[in-house]
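A single chain comes next, written as structure tokens; it is the form predicted on its own.
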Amino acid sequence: MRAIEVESLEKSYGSLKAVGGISFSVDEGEVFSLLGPNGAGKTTTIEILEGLRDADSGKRRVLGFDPWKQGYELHRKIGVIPQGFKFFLYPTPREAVRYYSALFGVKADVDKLLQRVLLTESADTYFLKLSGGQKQKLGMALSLVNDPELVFLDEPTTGLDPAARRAVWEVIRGLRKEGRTVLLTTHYLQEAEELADRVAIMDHGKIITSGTPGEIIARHGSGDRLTIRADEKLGAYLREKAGLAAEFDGHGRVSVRLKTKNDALSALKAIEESGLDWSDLSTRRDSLEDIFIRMVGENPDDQGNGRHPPG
């Protein structure tokens, strides 16, 4: 079953086309991630699917509902963590969950909910005094008060330290194990590669590729590479004497593209025969981040460079 179906979705703000006719679907029970730099159209897409904005054209169904026309019915079945989640300064997580329970008219098990998001020890700490990671975990707890089928997480780990980020990852993995659908936007490629069943990369309002992380890497990657810490002399030797596709990166590393397993053996033999200095030999293949940078031209972790408008 499909939790989300989008077809030819468009949204413009004056002359700026924020979303330019995208189509994708999200299956029930999967984690689906939208990736892209600032201004790619991720947040606008999410807000349309949440029923916060209307689209100019195109079809969209979320849990069988039209988000704009049937927002009341939809909002009782979804959970949302907006970008840059904030709350009142002085309620505690325990009080915040009780408050949201009253708003939704449901009886939430407060202790169980806080335990699910790893916030039990801070249940009675003022929001003002919570760490960044704890605040995000409270946002996740509030998004689960109504026992949603689908959770929208818009950059839930932006600005968190690595330990806090990984704690939020565990919460997201827990949601997936419970069979909930998660639509995740993120600036962190490793996060998407770790958590998402499928991803779609957006740029300038368009989806430029989609699939599982493995499919995208296989489709757009450059294959396995042998990397050696050495100077450009070794790269030249491997090209000229061994006929290998070797490149020097200008920063003390030579990379050899391995088309077959025999290329690895040939490279090792040639490196030994060269008599040149080298160290730190390793093999690797492209990550999702490598593919993203190759296709979009920047790392989404690097924000505020002026290339894209916010949003």
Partner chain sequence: MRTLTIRETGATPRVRAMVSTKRLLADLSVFGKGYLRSRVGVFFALIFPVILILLFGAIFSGGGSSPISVYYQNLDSGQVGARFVSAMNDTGAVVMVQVPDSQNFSQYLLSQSASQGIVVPASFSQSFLTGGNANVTVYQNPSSTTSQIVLGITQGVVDRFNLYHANANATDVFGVQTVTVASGSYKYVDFLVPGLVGFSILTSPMFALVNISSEYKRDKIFKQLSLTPLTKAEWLLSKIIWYVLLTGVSFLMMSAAGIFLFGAHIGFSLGILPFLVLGPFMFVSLGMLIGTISNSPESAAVVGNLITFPMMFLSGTFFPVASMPAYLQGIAHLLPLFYVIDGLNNVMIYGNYSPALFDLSVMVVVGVAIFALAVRFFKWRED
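No experiment lies behind these values; they were computed from the predicted model shown. Residue numbers count along the first chain shown, from 1.
Absent from the display: the form predicted together with the partner chain. The rest refers to it.
Comparing 242-250, 266-274, 51-59, 31-39 against the partner chain in the predicted bound form, the single stretch with non-hydrogen atoms within 4.5 angstroms of it is 51-59. In the predicted bound form, the partner chain lies within 4.5 Å of some heavy atom of G105. Using a 4.5 angstroms threshold between heavy atoms, G132 stays clear of the partner chain in the predicted bound form. Within this chain, F85 lines the site of the partner chain in the predicted bound form, having a heavy atom no more than 4.5 Å away. When contacts are judged by a 4.5 Å heavy atom cut-off, Y100 counts as touching the partner chain in the predicted bound form. Exactly one listed residue, out of H204, K233, R166, R76, brings a non-hydrogen atom to within 4.5 Å of the partner chain in the predicted bound form: R76. Note on contacts: among A123, L195, V80, L118, the single residue with a heavy atom within 4.5 Å of the partner chain in the predicted bound form is V80.
In the predicted bound form, the partner chain lies within 4.5 angstroms of at least one heavy atom of each of the following residues of 1-33: M1, K11, in sequence order.
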